[in-house]
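Just one chain follows, in the form predicted on its own, and it is written as structure tokens.
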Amino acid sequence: MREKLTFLGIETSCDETAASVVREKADGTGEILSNIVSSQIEEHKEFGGVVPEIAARAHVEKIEFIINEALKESNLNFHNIDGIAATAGPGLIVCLTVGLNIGKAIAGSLEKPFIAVNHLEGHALSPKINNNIKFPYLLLLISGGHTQFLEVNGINNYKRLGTTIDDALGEAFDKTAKLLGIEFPGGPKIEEWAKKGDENYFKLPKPILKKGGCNLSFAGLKTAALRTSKELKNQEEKYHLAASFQKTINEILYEKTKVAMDQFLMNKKNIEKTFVIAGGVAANLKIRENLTKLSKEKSFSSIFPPINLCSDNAAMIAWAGIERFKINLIDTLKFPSKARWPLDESAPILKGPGIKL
């Protein structure tokens, strides 16, 4: 095994076609030699969300070009690559299959190790590309499809502390944006509009704030935003609703994260108190500011991936591949794509409406 591993990562779990080449450095962190991401926002905009068949077709059309661009930018070729990592789940099956199959084909033809990566583990480990982080650490994973608190005890070793019982946070942002007339994907635009509004103008609910441990719920908040949106009189009130919605989200995250931090510290002595926030919604600067403030109050070190590594990308997949390869977690070319693939497979399924806490 070479001293510095170099992996090609491939990501096609939803609507980003991505490829990246990442090399391990001597200090245990990573160097991103290339990170190419092709978005499909324009293809899905008129539908107000991702259409799986359209996304899969776009992946098929772009994936070979994106991989070649990643290699070209890295100044390497396939023979310089030590292994291939591709997202195998969770995600849209028709999309996952595209990246997974080409990853297997490359690995098989070159007789290179193949690693099937859990997309969520990619997010969970992404801050380790730029930071020497010791296990265990507390993770808040916030994205369009997932919202959960996890205890990260090691590679392939996760314990879920809490999760959303209905909507994911990114989904709540996008749906509220749609109510305000913002085109898909609207989540990032909410942050822009909030800067122009009064965050105390509307009082919105905070579901299960004082119960359910660090489980979260956003459906009731989204419903309240729907009712409020029907009574808005002008653009200024839309800005107020965006600001009030974002403030409410931050208040929920503040309280629930405190509970998660306390749970994480139970029965642990002499550990570094590290709090990692990853996933697409971790790019929201107000959320970063809010959770950084809380971390200081609770004596945790807060660590966020760089903005470009928060949304779906292949650098995190390549890095997860390196981390798994180093402990001999190598997969066969028969590994299937998985629409659902929780990091903590022993945790009960909680996501869904009508669950009582």
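Numbering starts at 1 and runs along the sequence shown. Predicted model only: the values in this text are computed from it and were never measured.
Another form, the form predicted together with a small molecule, is not on view; read the next lines as being about it.
Undergrad: Tell me, out of G83, P127, G89, G187, which residue has a non-hydrogen atom within 4.5 angstroms of the small molecule in the predicted complex.
TA: Among G83, P127, G89, G187, a heavy atom within 4.5 Å of the small molecule in the predicted complex occurs only for G187.
Undergrad: Considering non-hydrogen atoms and a 4.5 Å limit, which listed residue (G212, P113, G145, G220) is close to the small molecule in the predicted complex?
TA: That would be G145.
Undergrad: Among 289 to 297, 303 to 311, 62 to 70, 324 to 332, mark the stretch whose residues have heavy atoms within 4.5 Å of the small molecule in the predicted complex.
TA: It is 303 to 311 that comes within 4.5 Å of the partner.
Undergrad: Would G279 show up as a contact with the small molecule in the predicted complex if we use heavy atoms at 4.5 Å?
TA: G279: contacts the small molecule in the predicted complex.
Undergrad: Just checking whether I133 would be counted as a contact of the small molecule in the predicted complex - the rule being heavy atoms within 4.5 angstroms.
TA: Heavy-atom contact with the small molecule at 4.5 Å: absent for I133.
Undergrad: Should D174 be classed as touching the small molecule in the predicted complex when contacts are defined as heavy atoms within 4.5 Å?
TA: D174: contacts the small molecule in the predicted complex.
Undergrad: Although the small molecule is absent from this view, report whether N284 comes within 4.5 Å of it in the predicted complex, heavy atoms only.
TA: Answer yes; at least one heavy atom of N284 falls within 4.5 Å of the small molecule in the predicted complex.
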